[in-house]
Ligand SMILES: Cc1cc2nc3c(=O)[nH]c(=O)nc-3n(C[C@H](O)[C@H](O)[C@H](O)COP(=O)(O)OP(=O)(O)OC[C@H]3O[C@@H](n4cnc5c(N)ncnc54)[C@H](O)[C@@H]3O)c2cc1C
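Listed next as structure tokens is one chain, alone, in the form predicted alone.
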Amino acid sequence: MIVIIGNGISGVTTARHIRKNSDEEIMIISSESKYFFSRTALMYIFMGHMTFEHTQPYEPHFWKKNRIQLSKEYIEKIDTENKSLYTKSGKTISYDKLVLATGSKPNKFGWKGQDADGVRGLYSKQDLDYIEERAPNIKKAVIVGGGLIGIEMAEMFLSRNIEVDFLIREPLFWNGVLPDEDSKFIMNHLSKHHGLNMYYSTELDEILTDANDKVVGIKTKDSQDIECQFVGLTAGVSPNIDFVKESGIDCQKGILVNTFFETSAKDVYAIGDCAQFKEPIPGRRALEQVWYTGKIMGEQLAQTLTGNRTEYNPGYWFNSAKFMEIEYQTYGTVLNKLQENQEEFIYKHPKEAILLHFVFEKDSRKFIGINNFGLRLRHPVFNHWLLKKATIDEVLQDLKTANFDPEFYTKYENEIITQFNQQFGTSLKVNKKTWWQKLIKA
């Protein structure tokens, strides 16, 4: 039997693709929820846009139909020699092959009061339930940490007219990932939201509590006191692997794996947020804690588990998110600092909240990547350009190919090319017919 611990996108994708390719007996174990749900949709449940059931991609009968057993258990120990799992309820579960897809947990950095009543991250269904239960008594929330989960939590509270103070350790928002210009663009957008107070270059010192260990406020490292009834910890996540470490499987920050997702224990694999590559693919990180990479890992590991040994090959980097109303997409490589022999072109709409940040090689003019804010662009098109090593000139001339919006929407390609020509002394023009349009007609 193949046992998978974790029913997030990585674990469930593995199970689905094993079933597509084999008749292996499969069991998914999770203590969080019985059925798989879309973790990125938790905020929309709180905001009233959908119910929890709406976040479940598969009907309950799907699992029985596909002969995938579901077990709601908490695993306390792995015995890799005897291939056994020990649960908190006292059960013993045997496996032939084991997949660890245990995900992440919000970071804590030893702040005084970090375990008080009214302190929580936003990662699990239990986190959402915890926040929902306390929301009626929250007038102000403080959010610590400037990543994507922090933005989601802020939007959640603002939707219920709860004031938010947002503490960012860096002088610019998400500047460990975004270039300065992109960070400032997002900062300007956030500043326009009533009820959202941004504190840059500000760090949490301690969480203040009352006699019942309930949150009443926070103190910053520059001695500011802020009254609040809830503290959201969104300063990143770390692999959820405590019980794995205790089972003797080699770990550092995450569970150490090779490019076939194999751990130090025989027939034990790790994927998703909890996996750390001993030798990362050039240009990629050792820990890849993104939804789409977890999905790819699940698909490729399933190949290995069903007899087609497959090495991790995620292709070019891409990701997407939202900063309040602004959609964000990144394709290829746009680092927060421009590298040697790289050039950048930044288009910023004079009135609308739209910014496109292109990066390309100075000498060859090869397109390297784009950060896109405010438009919706097609992933297959950018993946095609990256694979064929297209130049920035080819990308810009065919840019309308990537525009996802319906035809009656305003197009920006002419403005973008005009600005590029002025900046770089070129004479590019928008192609009337693109390779993508030809492909669709064919």
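Start at 1 with the first residue shown and count on from there. Source: prediction; values computed, not measured.
One more form of this protein should be noted, the form predicted in complex with the ligand, which is absent from this view; the next part is about it.
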Among the candidates A302, I75, I143, I370, the residue which, in the predicted complex, approaches the ligand to within 4.5 Å (heavy atoms): I75
The one residue among W111, F243, Y95, Y312 placing a heavy atom within 4.5 Å of the ligand in the predicted complex is F243
Given that the partner is absent here, does N319 sit within 4.5 Å of the ligand in the predicted complex, heavy atoms only? yes
Do E32 and the ligand share at least one heavy atom pair within 4.5 Å in the predicted complex? yes
Mark G298 yes when one of its heavy atoms lies within 4.5 Å of a heavy atom of the ligand in the predicted complex, and no otherwise. no
In the predicted complex, does T40 come within 4.5 Å of the ligand, counting heavy atoms only? yes
Residue stretch of 166 to 174, 290 to 298, 351 to 359, 204 to 212 approaching the ligand in the predicted complex, non-hydrogen atom distance within 4.5 Å: 290 to 298
Residues in 1 to 27 with any heavy atom within 4.5 Å of the ligand in the predicted complex: I5, G6, N7, G8, I9, S10, G11
